[in-house]
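Shown next as structure tokens: one chain only, the form predicted on its own.
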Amino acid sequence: MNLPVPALNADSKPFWEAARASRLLIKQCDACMRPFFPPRHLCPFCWSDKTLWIESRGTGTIYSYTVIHRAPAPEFSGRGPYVVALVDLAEGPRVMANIVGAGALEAAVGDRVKLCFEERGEGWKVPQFERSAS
């Protein structure tokens, strides 16, 4: 069974199109200069509509995580157990993503992670993270 592809809207379309090219974009406020995620039209800190897209370095630290043992939807059956984590990006924003790859089930709070992408149908890719030594 195929995994679901991203659902685009006006705020997220540039994010998903960049992910399709294996790039992770986050928004930054051009008024207060604070980066934020998820993407939205207004800055969540100062409400400015002067925002821009910046590319993340794709590194971060696990803030929290959980291990999923029961698939939430039929498309994910047979994938468990797997790890869903809140990752603090080096730029500051916190994102939710899967931890994948070797040792994913041994993930711990404070582990350093690096960006990777999971291919989905129709050429779409979803940002994920792998544990990293550095």
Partner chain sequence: MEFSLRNRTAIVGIGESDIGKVPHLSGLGLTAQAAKRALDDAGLAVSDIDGLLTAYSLTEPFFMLGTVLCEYLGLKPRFCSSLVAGGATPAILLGHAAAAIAAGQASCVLVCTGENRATGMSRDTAVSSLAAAVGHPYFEYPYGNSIPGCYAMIARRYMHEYGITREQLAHVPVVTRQHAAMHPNSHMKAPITIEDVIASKPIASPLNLLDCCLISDAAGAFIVTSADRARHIADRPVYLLGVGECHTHEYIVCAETLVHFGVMESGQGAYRMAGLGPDDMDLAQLYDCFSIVPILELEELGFCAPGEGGSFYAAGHAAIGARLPVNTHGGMLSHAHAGATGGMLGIIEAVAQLIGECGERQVRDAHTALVHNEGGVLSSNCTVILADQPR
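None of the values given here were measured: they were computed from a predicted structure. Numbering follows the first chain given and starts at 1.
Another form exists, predicted in complex with its partner chain; not displayed. Remarks below refer to it.
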| query | finding |
| --- | --- |
| Listed residue (V95, A104, C29, I26) with a non-hydrogen atom within 4.5 angstroms of its partner chain in the predicted bound form | V95 |
| Candidate from C46, I54, A71, A90 lying within 4.5 Å of its partner chain in the predicted bound form - any heavy atom | A71 |
| Contact label in the predicted bound form: V109 to its partner chain, heavy atom within 4.5 Å | yes |
| V126: touches its partner chain in the predicted bound form, heavy atom cutoff 4.5 angstroms | yes |
| In the predicted bound form, P39 touching its partner chain (heavy atom, 4.5 Å) | yes |
| Contact of T59 with its partner chain in the predicted bound form (heavy atom, 4.5 Å) | no |
